[in-house]
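Next up: just one chain, as structure tokens, the form predicted on its own.
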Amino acid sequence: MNPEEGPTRRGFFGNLFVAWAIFLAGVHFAGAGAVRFLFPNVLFEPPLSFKAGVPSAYAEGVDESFKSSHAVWLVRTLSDPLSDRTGIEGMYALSTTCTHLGCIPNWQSADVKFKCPCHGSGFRMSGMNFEGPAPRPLERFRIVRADDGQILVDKNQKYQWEKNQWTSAEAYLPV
């Protein structure tokens, strides 16, 4: 019998070696994927509380300096008509997340409102919704004075209008 006509021992073991190499490579990559799954990605998130400077640095209206870095608008107003603090000048911190589907509204100073670009929800400067599909007003964050006199915004504590929380002492900072 001619050796080129049928399988040989050398060819058989060569193919077996290739098959085992492919199998072990597959096991290696599957194991590496399983180990990688145990260590998820960690994303950087800004701290949930931050100092925003002294109140005298803010003019009346909406300040957008912390919109991109902390997802907060600071609003200075002569009164808070939607709570029991009418006639008391102060500040509050509004969330920049639309209560409809979580888009980020834009402040339109000419129209004196926040307008969501995704579905058209409109919010007054106080955070109250008045147009579009947003089911409730924007949330407010805790705002107090730190020991050094600066404004301290704490996003760990949220205040919602529908739960009558906007009247809380720390939802509005008298200045």
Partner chain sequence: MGLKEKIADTQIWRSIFRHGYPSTPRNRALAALSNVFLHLHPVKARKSGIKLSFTWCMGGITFFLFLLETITGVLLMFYYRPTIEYAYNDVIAMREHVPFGIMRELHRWGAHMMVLAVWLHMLRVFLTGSYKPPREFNWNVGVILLLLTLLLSFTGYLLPWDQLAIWAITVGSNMARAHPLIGHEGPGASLLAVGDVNLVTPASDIRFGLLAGRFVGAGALLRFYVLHCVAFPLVASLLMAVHFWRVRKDGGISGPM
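Between two forms, the rigid core is defined as the largest C-alpha subset superposing within 1.5 Å. Worth saying up front: this structure is predicted, and the values here are computed from it rather than measured. Residue numbers count along the first chain shown, from 1.
What comes next is about the form predicted in complex with its partner chain, which does not appear here.
- Not displayed here, its partner chain is approached by residue 101 to within 4.5 Å at the level of heavy atoms in the predicted bound form.
- Contact check for residue 135: no non-hydrogen atom falls within 4.5 Å of its partner chain in the predicted bound form.
- At least one heavy atom of residue 38 is located within 4.5 Å of its partner chain in the predicted bound form.
- Put simply, residue 119 is close to its partner chain in the predicted bound form: some heavy atom of it is within 4.5 Å.
- None of 46, 33, 149, 26 but one reaches within 4.5 angstroms of its partner chain in the predicted bound form through a heavy atom, and that residue is 46.
- Of the candidate stretches 103-111, 141-149, 126-134, 55-63, only 103-111 contains residues with a heavy atom within 4.5 Å of its partner chain in the predicted bound form.
- With contact defined as any non-hydrogen atom lying within 4.5 angstroms of its partner chain in the predicted bound form, 158 is the only contacting residue in 132-161.
- When two forms of a protein are overlaid on their rigid core, residues whose CA moves 2 Å or more are considered shifted, and residue 57 is not one of them between the shown form and the other one.
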